[in-house]
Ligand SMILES: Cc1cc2nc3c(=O)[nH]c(=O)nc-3n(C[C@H](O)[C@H](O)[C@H](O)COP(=O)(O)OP(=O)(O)OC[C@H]3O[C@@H](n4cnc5c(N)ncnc54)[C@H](O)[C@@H]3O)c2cc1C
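A single chain, nothing else alongside it, follows as structure tokens in the form predicted alone.
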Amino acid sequence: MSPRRDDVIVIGAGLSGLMAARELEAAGRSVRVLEARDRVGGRTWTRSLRGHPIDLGGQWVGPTQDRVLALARELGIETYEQFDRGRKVMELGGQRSTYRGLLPWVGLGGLAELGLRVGQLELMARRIPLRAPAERADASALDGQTVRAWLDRRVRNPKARAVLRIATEMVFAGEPEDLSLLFFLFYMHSGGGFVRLTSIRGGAQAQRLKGGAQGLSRRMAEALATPVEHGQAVHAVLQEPEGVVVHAGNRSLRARHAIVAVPPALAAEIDLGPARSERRRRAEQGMPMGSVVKCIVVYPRPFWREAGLSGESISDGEPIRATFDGCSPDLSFCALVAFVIGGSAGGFGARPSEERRALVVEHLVRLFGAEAAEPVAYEDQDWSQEAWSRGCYVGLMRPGVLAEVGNVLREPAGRVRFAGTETAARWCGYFDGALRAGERAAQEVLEAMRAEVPGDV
């Protein structure tokens, strides 16, 4: 009996890889999905805590994220609003205050400069071509500087600058001094602008998915004709005249085409042989993952709501950079969700669990008062320690990379196509971008197959 030869092997069972497999199966193609983990979902991971689902990975969806909202409806997954009613908390330089609206009160001059600089960033972002950011006339100049350098040069008010730094850290899970300004502006444009990416109401954090975000991947996987194969870490995808050979452990699997749907930092470790160009190598090596520890802190009741607070906070203190309300709609589960971000995440994640819990609770007391001192449960997830993600939320381009490599992450390498949210032009870094990238990669493979066999649909 001759060995099985699939039409396509998809590497990675996150949202992007599963969407690609789904599209290919719908077109009548045979697909095998390989996943290194013992679960599907990639950077979404829903677990149970005190009998309720909690999202230890990505969790939000919002307006204009049409692909993911449509998929949720199709799969029968309901959405509900992220709670945002009440005043927000800000801690800057050890001083606590509360505010309403998008921009915190940082003095009249600081507020004026915040509004001015946010508007300036929105305008700059809209001028970046989404399909080809490197083709902008001043791409090299923008790519050669960091976001930190722009903030230091342009934003004179120290409190306004601190707020913009926190916002940058929260959107990217990285430090402004490590981010290319060109990549920052592309990412902003990709998601609809600075205001949309940093907002709850009408923004990227507007809604949550009932039962948890991993449900999207679980239901897509369950509907595939061929079950996802777990524990299959791929280390090579080599090409033959009429197909590819995928090496996973001691297995060698054959197909006509392959789709790699993992973050660039992980794709870099897959041997592509001569198909990997120097531009691709440069892009993958210049796009390390962000760093975040996500913490779920459970309380008997939502005491912050009772005090007129929304649960949302920002801080330049340690270890927490921001928090959100994490309650279920019926309040049978009450929690605050805290994020430890960027440079703070490494040292924090290395501490013992009880010490991490104590540090987070101590900070929550500073932000929300004495009642925060007595949680009934705590769980966190350090994504930098997750072997098959190496970080979260997304790969971040260092200065000097994007202008040089252009769109190489979306370009095929022979019979290998690439998906993953980092390859998306719209909603790069988000669920929606992951689904769009999966659709694109699947269509590229189908077009290639039609070209190989005229009339083959």
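Computed from a predicted model, the values in this text were never measured in an experiment. Each residue number is its position in the shown sequence, starting from 1.
Keep in mind the form predicted in complex with this ligand is missing from the figure; the text below concerns it.
Comparing 383-391, 312-320, 190-198, 148-156 against this ligand in the model of the complex, the single stretch with non-hydrogen atoms within 4.5 angstroms of it is 383-391.
Of the candidates Arg32, Arg415, Arg37, Arg67, Arg37 is the one whose heavy atoms come within 4.5 Å of this ligand in the model of the complex; the others do not.
Checking Leu238, Leu359, Ala233, Ala134 for any heavy atom within 4.5 Å of this ligand in the model of the complex turns up a single hit: Ala233.
Contact check for Leu396: every heavy atom lies farther than 4.5 Å from this ligand in the model of the complex. When contacts are judged by a 4.5 Å heavy atom cut-off, Ile166 does not count as touching this ligand in the model of the complex. At least one heavy atom of Lys294 is located within 4.5 Å of this ligand in the model of the complex. Contact check for Thr46: no non-hydrogen atom falls within 4.5 Å of this ligand in the model of the complex. Shown without its partner, the chain has Gln232, Ala233, Val234, Ala261, Val262, Pro263, Leu266 in segment 229-268 as residues with a non-hydrogen atom within 4.5 angstroms of this ligand in the model of the complex.
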